[in-house]
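Taking the form predicted alone, here's one chain by itself in structure tokens.
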């Protein structure tokens, strides 16, 4: 039995690690979506965090914890700087602006010698362990649970519901949106640092347009009405390609099909408040039957 468990872990440990990282990325966009902001810059923030943490570990010999914190801090600072002008935009205009920012980050990384250019950064120390991922995820879940009932969380919800009405009530909408943007960038940066230290290799193409869309898809599939939606969406979309590996190159198309079905029939995502209400009603009917 122990040999079977060991063999299973050796085969699927990377998948488990990826589930946690994707969950963190889903939460990083969840906080911006919770105040009505459609951002596609989280993959770029992940890239900044990944390269920052990896370079500090490799070049400066910094402790892993310090590298992770720096990997979250730098994207947060960048988010604060670009957030002030860009978060006055909304909808597709904000998405285009943050997508453009992501391309700028990718091109800069491609042309820097210290990052390895187009060849990427090879030989990143394998520092990330499962308990690191569990600890960070636990902290994030606790943070978001507390955030929901906090003043800051209620302000974000008010901005999401009606930004004009919130502004009339004296809420500085842009101020709070910028901070939500920065928090999301910090989470994405830490996720990038953790990811870099278990994949051994990182390259600019990992933080371009497709990863940005994938992160948004995690949240859309799972639903953004509750904390657990993005986590469910990221887990499903990470595990499904492995379960359907026998489909070969067509297995990735399955994610797209599932997303289309969810958008058509579950526009609020798989997990939302209505889901729990409907489940309660269903079980009550079963008990009364």
Partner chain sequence: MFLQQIANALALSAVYSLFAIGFTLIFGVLEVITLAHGAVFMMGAFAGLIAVTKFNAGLASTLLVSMIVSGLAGYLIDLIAVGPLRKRKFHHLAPMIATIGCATIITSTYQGIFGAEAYRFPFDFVPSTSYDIVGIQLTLLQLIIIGISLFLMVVLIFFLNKTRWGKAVRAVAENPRTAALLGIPVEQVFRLTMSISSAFGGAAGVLTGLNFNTIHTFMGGPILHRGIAVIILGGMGDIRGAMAGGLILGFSEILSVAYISSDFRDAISFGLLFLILLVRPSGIFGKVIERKG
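Positions refer to the first chain, counted from 1. Every value quoted in this text rests on a predicted model; they were computed, and no experiment measured them. Just so we're on the same page, rigid core means the largest C-alpha set that superposes within 1.5 Å between forms.
Just so it is clear, the following notes concern the form predicted in complex with the partner chain, a form of the same protein that is not shown.
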Among 130, 119, 96, 126, just one has a heavy atom within 4.5 Å of the partner chain in the predicted bound form, namely 96
Do heavy atoms from each of 65, 199 and 238 fall within 4.5 Å of the partner chain in the predicted bound form? no
Heavy atoms within 4.5 Å of the partner chain in the predicted bound form: does residue 263 have any? yes
In the predicted bound form, residue 134 touching the partner chain (heavy atom, 4.5 Å): no
Taking 4.5 angstroms as the cut-off for heavy atoms, does residue 108 touch the partner chain in the predicted bound form? yes
Proximity of residue 195 to the partner chain in the predicted bound form, heavy atoms at 4.5 Å: no
Of these, 38-46, 53-61, 66-74, 229-237, which stretch puts a heavy atom within 4.5 angstroms of the partner chain in the predicted bound form? 38-46
Contact check, 63-100 vs the partner chain in the predicted bound form, heavy atom within 4.5 Å, ordered by sequence, gives 81, 82, 85, 86, 88, 89, 91, 92, 93, 95, 96, 97, 99, 100
When the two forms are laid on each other by their rigid core, does residue 147 show a Cα shift of 2 Å or more between the shown form and the other one? no
Look at residue 172 and decide if its Cα position differs by 2 Å or more between the shown form and the other one after superposing on the rigid core. no
Align on the rigid core first; then say whether the Cα of residue 111 has moved by at least 2 Å between the shown form and the other one. no
Mind checking the CA-CA distance of residue 171 and residue 91 in the predicted bound form? It differs by 3 Å or more from this form, so is it closer or farther? closer
Assuming the CA distance changes by 3 angstroms or more, are residue 92 and residue 171 closer together or farther apart in the predicted bound form compared with the shown structure? closer
